[in-house]
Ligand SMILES: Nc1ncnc2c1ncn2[C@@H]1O[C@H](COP(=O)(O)OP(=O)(O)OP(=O)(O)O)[C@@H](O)[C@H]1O
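Take a look at this one chain, the form predicted on its own, written out in C-alpha cells.
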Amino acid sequence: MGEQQHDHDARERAIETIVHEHLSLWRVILLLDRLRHDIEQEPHEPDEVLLSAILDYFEHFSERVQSAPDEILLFSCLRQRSPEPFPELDALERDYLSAHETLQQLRRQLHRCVEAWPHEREALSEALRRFSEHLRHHIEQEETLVIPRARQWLEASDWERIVAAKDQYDDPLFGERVREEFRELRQHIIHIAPEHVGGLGIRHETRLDPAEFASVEGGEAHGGQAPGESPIREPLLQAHGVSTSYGRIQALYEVDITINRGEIVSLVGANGAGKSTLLMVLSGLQPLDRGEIHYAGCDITRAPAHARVGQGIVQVPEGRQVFRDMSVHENLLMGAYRRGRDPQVFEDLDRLYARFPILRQKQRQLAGMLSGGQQQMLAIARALMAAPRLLLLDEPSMGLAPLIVEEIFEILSELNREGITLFLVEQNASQALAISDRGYVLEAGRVVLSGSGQALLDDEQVRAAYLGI
C-alpha cells in the first residue's frame, strides 16, 4: 500500500505542478491581451519593460519544461508507452524547442515599435495576438490530450523518472527552486503592471536601455533561493468548546480548533457559517458565552483585544479597513502603536517598504486613494508592524483581481516560511486549502470537518459544497 501511495504521489505531484503553472500562464496571457488592447487604443508607446517581463515568463516556462535542450521527458515517456499514434506531441514539442527564437522575434518587434512609435503599432499588435492564440491552443492541447493520456498510459516508474529529472540548468523539474523562480517573475510582472489591468502600478522606466535589451535578448537565467527549513509543529493556539452569540442568536456552538506553531490553517464555509465571528473571538473582539482559549501556554479567554495584540495575535480585517484619511506611512505607524518608541519599529518599517515597494512609492498618499490591491497590501503590512506571531486574516482576496490574489497568497506563503503562523478565513477555498497545512470546515457555527489541506481538497463533500466541483 505504501509503494502504491508513493507512485500515486509522484504522478499527482507532477500533474499538480503542470496544472498550477498552466493556470499562471492563463493569467499572464489574459494580462498580455489587455496590454495588447492598450497598444491598439492608447496614444502612448507600449511599456517595453513590462512586456519584456511577460516574455521572460513565457520563455522561462518553455526552458524549464525541458530536461535537455532537445528533449521533454514527459513527451518521451508518452511516445514509448503510446499504444497508438500520437502526432500532436510532435507539434507541441516543436513549440517548446522553437520558443526561444519566437520570443526573440517578438522582443525585436516590440523594441522597433517603441523606438519608432506609432509606426509598427499594428504589426506588433497582430504579432502579439497570433502568439497569444497559439499559446492558448498549446495549453489546451496539453490539458485535453497530454495530461489525460499520461494518466492513462504512463507507469509508476515513468512518473518517478519525471519527478526526479533535472532540467538543462541541472535543477529538479518540479523542485522548490524552479517554483521560486516562477514566483519571482510573476511578482515582478504584478508589481509593474498598471492598476487598470489588475497590477499594482509601481512607477518604473518603461523603456529598456540598450544594455538591458541585449541582456533580455540573450535570455539570461533567473535564480531563486533555497527554501527554509520547516518549522517545528507544536500548539500555539487552542480553542476548546467555544460558544458565542449575538443577543438571542447563537453564532458558534462548542467549536474546538488547534493552530500549531508555524502552520497555515484555513477555515472554510458558506456565508453566515460563523467564520468571521470565530476570528473576532480569537482576537478578543467578540466575548465568549462558554469555552476557553489558550495561547502559547497561557489562558487568554478573558484577555482584552489590545492585550492579545501585545502577545502577538494580530488580525487583518475583512474589507481591509485601512484608515482612509491617513497616509500610507501613518497607517503603518498605527500598526506599531503598542510598540511605542522602540527603535526596531523603524527598522521594521524599512523592511516592509522593501517587501511592498508600492507602499514606499505611495507612502505620502492617503490610504483611501489606493486601489483595492494596494489597500490589501497596506492592511497586511500594517498588521506586520505589530510584530505578530499569529496572523488572523479575514477574506484577504475579496474583490481583488486574479493577479493580485495570486500575489497575496504568495506573500502569505512567504510570511509563513519566515516563521509567522497564519489562520486564514477565505472565500477562495481551493487556493486557501492549497497552501494550508490543515483546515477546518464550519457549517452553521459548528466544525463539521477537519484535516490536512490536501485531504479537504480531495474530500467530495468539500469539493461539491465549497469548490464548485
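Fair warning: this is a prediction, and the values are worked out from it, not measured in the lab. For every residue, the number given is its place in the sequence shown, counted from 1.
Below: the form predicted in complex with the named molecule, not depicted.
Contacting member of Ala165, Ala383, Leu349, Ala273, with respect to the named molecule in the predicted complex [4.5 Å, heavy atom]: If I apply the 4.5 Å criterion carefully, the residue I get is Ala273.
One residue of Ser283, Thr277, Thr102, Ser371 in contact with the named molecule, assessed in the predicted complex (non-hydrogen atom, 4.5 angstroms): Looking at the other structure, the residue within range turns out to be Thr277.
Contact of Ser413 with the named molecule in the predicted complex (heavy atom, 4.5 Å): No, Ser413 is distant from the partner.
Proximity of Gln427 to the named molecule in the predicted complex, heavy atoms at 4.5 Å: Yes, contact at 4.5 Å.
Exercise: Ala127 in contact with the named molecule in the predicted complex, heavy atom 4.5 Å: The answer is no: Ala127 has no heavy atom within 4.5 Å of the named molecule.
Any non-hydrogen atom of Asp158 within 4.5 angstroms of the named molecule in the predicted complex: Looking in the predicted complex, residue contacts with the named molecule do not include Asp158, since no heavy atom lies within 4.5 Å.
Stretch in contact in the predicted complex with the named molecule, which is absent here, among 241-249, 106-114, 77-85, 375-383 (heavy atoms within 4.5 Å): Correct option: 241-249.
Partner contacts in the predicted complex for 371-389 (non-hydrogen atom within 4.5 angstroms of the named molecule): Nothing in this stretch is in contact.
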